[in-house]
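Two versions of one and the same chain are coming, encoded as structure tokens; call them structure 1 and structure 2.
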Structure 1
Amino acid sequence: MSSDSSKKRKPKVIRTDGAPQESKRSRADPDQDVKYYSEEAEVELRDPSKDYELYKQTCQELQRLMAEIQDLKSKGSKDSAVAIEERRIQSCMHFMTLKKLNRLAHIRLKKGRDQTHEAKQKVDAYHLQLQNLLYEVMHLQKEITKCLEFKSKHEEIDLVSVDEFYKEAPPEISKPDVTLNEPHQQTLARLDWELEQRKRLAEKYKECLANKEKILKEIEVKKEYLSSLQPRLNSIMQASLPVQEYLFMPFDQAHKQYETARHLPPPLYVLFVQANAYGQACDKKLAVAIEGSVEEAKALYKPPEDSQDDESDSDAEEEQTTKRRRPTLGVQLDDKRKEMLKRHPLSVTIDLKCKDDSVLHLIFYYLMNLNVMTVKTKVTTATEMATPISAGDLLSPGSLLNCLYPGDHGKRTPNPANQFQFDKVGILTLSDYVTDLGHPYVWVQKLGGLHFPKDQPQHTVTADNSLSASHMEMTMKLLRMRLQSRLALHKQFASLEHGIVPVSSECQHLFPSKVVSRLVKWAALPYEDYLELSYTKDVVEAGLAEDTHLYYTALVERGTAKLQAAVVLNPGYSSMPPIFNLCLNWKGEKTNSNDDNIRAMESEVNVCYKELCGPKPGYQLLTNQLQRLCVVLDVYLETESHDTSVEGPKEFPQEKMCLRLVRGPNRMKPFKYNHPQGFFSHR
């Protein structure tokens, strides 16, 4: 059957894959029936999308035929051979179709590449033409730029404007009939006018030089007159000194002080200038002065003279004293420490006067090698004051200015670089030397214009006037408030030690007319003893008790009841109120941990302190708190229930008027005093 099908095949067809048809015809047999067609021409006529659909259909038919052939072969029947052969022939036809589609796809790809290549050649040709044109344009622009940049000598001369030229120049130079239409002739005429003007200016310059010489001679004559006038003015100033003293106008003294201020180091100079300016503008009671040796200050900046002679003398001395022992290591370290802690010979003193004529003396020093400032304090009063035993630390130089600003205790140097200097000479901390050198408070550095940032350390810190000026007013107010508050406490302690709680007339309405409990003891308490008390642990744990604070103990009695109070006095009194911890010894020991009413008594004194401040600035707060403590003790004892098993009258008869004796499950007592009604109630 295959042979029959092969005999019935179509006539031979010769394909032309892009080759000329003549060559194909020459190769073929002329007697044979040959049909010629071109697949390249057929590609132009066929639709690629339809060919793609034909390709998918052919593939599907092939898959179907292969599946049928496989099924027929798997059955293995005798009649299936004919069916298999038919399907094989159909499959071959489909393969021929796929080959043709493949050829057509390759021809399309080749044509696409040829078209792309031709388009690229056209683009390259156009690009080459564009580059040639751009090169010509650039060449022409260079030539134009050369022409435009050509400069003549006359262009360096600033000539007058054309309008001004025709307005000022004479007609024989301007020649308007010729130059208006010809720019070249106009430029030549303008140059002639410029030459004429310069000749006139040269003559004027000579005249001005002659006048200058004449004026200089007059100035020399006046200088001679003024130099002869200076000695006469000095004699007049000396003669006017008694008048200045009588009128309280010490001009000569101020002049000498400013002359001395020239030798101050920069931080002390900034402090002196800013304090003087603040005193003149805002505080007439502020006095600023300079103390120390000016000669020593001048010697610090003088270069050493006759260094060679000194070296020869020192060599001779070494030869004569060869038997002397060298200083030991300890002596050398002591000398290095003294040199490092050396102060400048000059210092600035500020006297701050208060209304009661008490004076706070501040002496500012500058440590040259450490680049920090220190201060020493001293207090003088108008009248001699009795010194209470408990007021020993109130006016002491070590604690008077302590924590003027929060956290500024003045025990450590504010300059971070000093620690490395201390390590070299064996100094552990500056606090061991503050007694002699003074305290290096941070506010002292700011008054001198010094600022030492900790997050970004600087190699050199210079004095800044603006920093000193911004802190001067606030610091002076705080210093005056600190002195007044300490003097007020000093007077109050004198009364408290004698068992008298001074209450001013402005604060009498805060308390009832009759207070039975009385203060029997007021004394200073060491910091270590305060920490050991059992009823002060909550204050210590809260961080409200530091070694910079002042500690006192008070004892209030009424009959057999004894109320002991531990008082923490903040250095910033009275803006920061004192803190009281209470312990009542009556029918056992009662504290805030085992008695709610003791806790309420502490709250009356510590929390409600604003009711007890009194008139500003509130320096009577401490005594008012102690008086309130006596009042609440009376209320506590008088409102206690009477033990019926004990015969006799009640130990503490009720003398205070209370709305309710107790309230709530905790049996709280009425500690709030209501004025002017005069009764006690609960809060």
Structure 2
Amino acid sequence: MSSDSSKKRKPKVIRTDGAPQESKRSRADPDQDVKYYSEEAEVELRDPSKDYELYKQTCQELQRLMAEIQDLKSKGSKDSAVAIEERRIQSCMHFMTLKKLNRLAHIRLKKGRDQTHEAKQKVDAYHLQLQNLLYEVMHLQKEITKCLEFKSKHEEIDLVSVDEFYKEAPPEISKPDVTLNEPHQQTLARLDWELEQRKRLAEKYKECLANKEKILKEIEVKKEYLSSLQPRLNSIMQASLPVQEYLFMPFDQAHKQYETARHLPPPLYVLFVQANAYGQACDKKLAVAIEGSVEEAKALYKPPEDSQDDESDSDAEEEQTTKRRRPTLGVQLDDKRKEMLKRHPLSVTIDLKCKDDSVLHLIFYYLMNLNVMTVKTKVTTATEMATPISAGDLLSPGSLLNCLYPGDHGKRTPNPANQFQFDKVGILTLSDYVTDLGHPYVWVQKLGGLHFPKDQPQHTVTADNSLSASHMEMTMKLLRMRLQSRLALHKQFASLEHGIVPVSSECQHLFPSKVVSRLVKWAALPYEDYLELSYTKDVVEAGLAEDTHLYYTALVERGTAKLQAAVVLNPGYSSMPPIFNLCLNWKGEKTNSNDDNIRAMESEVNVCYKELCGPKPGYQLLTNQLQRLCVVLDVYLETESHDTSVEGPKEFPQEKMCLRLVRGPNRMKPFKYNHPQGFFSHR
């Protein structure tokens, strides 16, 4: 680079040397004369290339002169001094030229620099201007988008539709001539209308508030008047009491009962109201009453104070117990259980009176924490009855009301939510407590208006009047029927135990006049023993023998033949018939599994029970079935074909009149008795 630049520079200087030097001088001269001498100006006039030529010549001249001087000096002659002097002058001249050229070069360099600088400044200025313009453009664009994105607040306001606006708004606001064509004006107009409307509504609101205030004040005044009325009324009531008593009008008593009823928990209240209503409307022999302490019930309904008291009490208790000794876990659980199974202090009693003056007392309780109702029962009979041994379970409070509706054992809690509560305190089933608490039958819940859905355990249940009302009549009828059928059975059992099958005159036509087979035994049978009998398997498998049923055994005898009968008495007797299973001991053991005729005899008493019901409501069914059993045993024994291989007379000669002895593929015996003619035929 440096060499290049030096090469460029050199010719400039050299060119200025030489011939044109003179001319330049001569040209410059007049200038100098006129104004001033200026080398800078001179530079303009000179050609740099010529200066460069001049420079080269001068340098050569100098070199030559120096060489001559050296030659002269080396010769050392005397006249050489003059020559040398001459030449020295010449070289001095050349040096002058060089100096001049040097100056010129400097001036040129400076000038060049200045020019470059100037140009650069200009470019910079233009660049700056460009930048400014770009920025301006950007700013403007931003402004434009801002404008475009602008949202007015009115857009959030729900305005009435355009059509409606033109229909409703007065023309001063809607200005249809202006606004119809101009959406902006239209919107403004609509906003105006909106504002107008809102103002009106605000006005109305204020008016309403004032009105309300006024009415409240009126109510206040009336209330005051009413409260002042109460003591006066009370005094009147007090005064009227003796009159009521005198006239046997128990208004006040009923009123008091209703007063007490207010403290009943909802389910018991529903029961009380519905039972009362039913009693007054349809059933005069139904008496409803409330028992228990009202004070305790009242105490229950002051929850905030009570809870505080309880807490402080329990705190105090805890302190005491810690002083003595910590209660064991079992004791704590016991307390919790007791708390969970707590009954409401009030209970509702219903007394159902039957025609023969026997009474069924029902006491309904409400378990507060379990939200279920329970019932306890008691029967009082009109006359003293001798209790047969086998009738033990008939009137016992535990089983009297079993299965009033099918499958309603009253052993498990009907509220599915209870199971979770039991798990917490370690109660396995409610059945262990049932004797204490009473039975939580499903119908009891329904009378109390409690309905528990089967598959939603945590459903909140409220007492429902309509549910209770819809079940009241049916349930009361069933209860009364149950009691009467049990009382009837009770009486029948007494004579059955003495081997007498009581047949009423209405039912005489069902049986022949001469029945030889006799009932010799009637006794209760434990459920477990029933299950173990071989000939009851079918009934058990068919699900017709449950532990809630009552089981009896009967023995019918004729001569050497002994007929054992196992009887299942459904709690729903007499609408549900008792089921007999037979086992005949005569020439081997015969049951339904090895003798079709024994099966037919069972069918005769079990399936054809309808004709044995006797006068409605069929309380004589059981005794009639037993009597028929005796009859069919007679038929069976008398028609048994005589084994020709055995010597001797028949044990049971045929006395019954039969059309045919056997019939059909299964060789059935004629078990059906035809009343007026008195013969036996096949079914």
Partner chain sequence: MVPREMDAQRALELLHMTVFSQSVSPCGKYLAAGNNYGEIAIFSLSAALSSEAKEESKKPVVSFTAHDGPVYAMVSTERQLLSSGNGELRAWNWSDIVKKGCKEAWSRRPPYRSSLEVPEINSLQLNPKDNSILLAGGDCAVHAMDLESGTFTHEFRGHSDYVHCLALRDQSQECLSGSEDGTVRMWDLRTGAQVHLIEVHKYEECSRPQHGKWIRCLATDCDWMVCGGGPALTLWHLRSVTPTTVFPLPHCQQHVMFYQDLILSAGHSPAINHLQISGEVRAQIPCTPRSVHSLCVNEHSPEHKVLTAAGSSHKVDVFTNFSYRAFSLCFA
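We call the rigid core the largest set of C-alpha positions that still match within 1.5 Å between the two forms. Residue positions are counted from 1 along structure 1's sequence. What you see is a predicted model; the values in this text were computed from it and never measured.
Of the two forms shown, structure 2 is the one predicted together with the partner chain. Core-superposed comparison between structures 1 and 2: the Cα of L233 travels 2 Å or more.
Here G407 does not count as shifted, since its C-alpha moves by less than 2 Å between structures 1 and 2 after the core is aligned.
With the core held fixed, A189 shows a CA shift of 2 Å or greater between structures 1 and 2. For P665, the Cα deviation between structures 1 and 2 after core superposition amounts to 4.9 Å. CA movement of E44 between structures 1 and 2 equals 76.0 Å, with the two forms superposed on the rigid core.
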